[in-house]
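Just the one chain here, laid out as structure tokens, in the form predicted alone.
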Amino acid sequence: MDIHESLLDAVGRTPLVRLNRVTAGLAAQVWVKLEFLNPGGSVKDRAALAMVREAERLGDLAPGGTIVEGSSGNTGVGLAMVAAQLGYRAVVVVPNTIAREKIALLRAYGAQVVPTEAKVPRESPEHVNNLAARIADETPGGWYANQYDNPANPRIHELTTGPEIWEQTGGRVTHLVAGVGTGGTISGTGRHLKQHGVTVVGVDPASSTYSGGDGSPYFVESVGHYRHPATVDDVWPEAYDQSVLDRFVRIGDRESLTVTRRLAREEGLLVGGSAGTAVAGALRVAAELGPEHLVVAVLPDSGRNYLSKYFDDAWMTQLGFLDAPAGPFVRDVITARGLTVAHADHTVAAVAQLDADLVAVVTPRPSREPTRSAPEVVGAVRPADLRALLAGDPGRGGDPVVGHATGTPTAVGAGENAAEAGARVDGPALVLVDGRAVALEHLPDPIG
């Protein structure tokens, strides 16, 4: 058994495990790299330690200094762990959508947590990265880790993660499958393995812009690239080397989360949603291959970070990913078929002409999809009410409709028990399937 002089010496050298049950019927083998067994609980421990060591070497981080980072959780946790071990202070700016378990972890390590609005344009001063950079500038001894553009991020994976996989598989690995967040893991690991002829496959949430999605919100954390519709210059991380990838596989939230839960119940692997995304992609890749191939997927973090989300049946049901144990379900009692939408900047006069009882007011994003991601619905309005407004005050026709909308409608899952959903709704219900709005309607009362 290894004995280390420091916890930091335990970063890396994580095991590979062969999947056995979720791969039933596949000729190719699928093995998974258990990065959640790093001491801080995720693959980001590697980058966190490497970035700090490089900053120390360059003199950018002095003894007693403060490490500042913007993070969806895992890199922040890794940096907080390193800071605790080396005697630094840590400040982590986080989007207000991350799982509460991650915030608790950051505080457990002694980090100061600064929440900020997740859905803001890249240019906003309150954007996670901009706020973190500003805090670092204003803090004496502050150092901004900047995982997205820090070359130490992909370099450590080229030096460690890639060689580990090659050695552990005895050179048999033929395909690497990993998600793209900052891009550091897949770029560095893939760069090493491509020297040995390994095919590198990126897995991406279906709406992520990395693989050509529209940039709308999705529910799997720590992977992909969201783009706010008001963002002017959509800058991608410098840590992400697109040339390393041979292709992408796009995975929807339902498939990601279904596989995440299957891994716990069929393989005993309690992992996060981005790991479910990676395995879902690996299963698709393996289905195309013969027995001579070996697919390795990187599992970034633990499911312990998401017990209040992906492993909570109520959360999953209310977002339309699961059905309640018993009906009648919401989908059984609604009459609306389809969603009528208006962009928040559309005029009252234009929306008043729509032939619908209720209209969902959404953030202005061009889309051909018949549904909208739930976080993009910002209000509801009745065209009949707008017509009445214009009859009394025709001059309001040019107003943006968002100024006349109600607040964000209560979201209910299409598979929720209708009576239970109705009991918590006051006003129109936004009906969700797989986290996307499919209808906006008042639920019948009484329900049953």
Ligand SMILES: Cc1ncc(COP(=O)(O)O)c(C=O)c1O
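Just count from 1 along the sequence shown to find any residue number. Owing to the predicted nature of the structure, the values given are computational and were not obtained by experimental measurement.
Another form exists, predicted in complex with this ligand; not displayed. Remarks below refer to it.
Contact here is defined as any heavy atom lying within 4.5 Å of this ligand in the predicted complex, and by that definition not a single one of Gly202, Pro205 and Ser256 is a contact residue. Residues with any non-hydrogen atom within 4.5 angstroms of this ligand in the predicted complex fall in just one of 103 to 111, 289 to 297, 342 to 350, 174 to 182: 174 to 182.
The closest non-hydrogen atom of Ser222 lies within 4.5 Å of this ligand in the predicted complex. Remark: Asn74 counts among the residues lining this ligand in the predicted complex, judged by a heavy atom distance of 4.5 Å or less. Although the partner is absent here, Thr161 is not a contact residue: none of its heavy atoms lies within 4.5 angstroms of this ligand in the predicted complex. Of the residues in 286 to 311, those that come within 4.5 Å of this ligand in the predicted complex through at least one heavy atom are, in sequence order, Pro300, Asp301, Tyr306.
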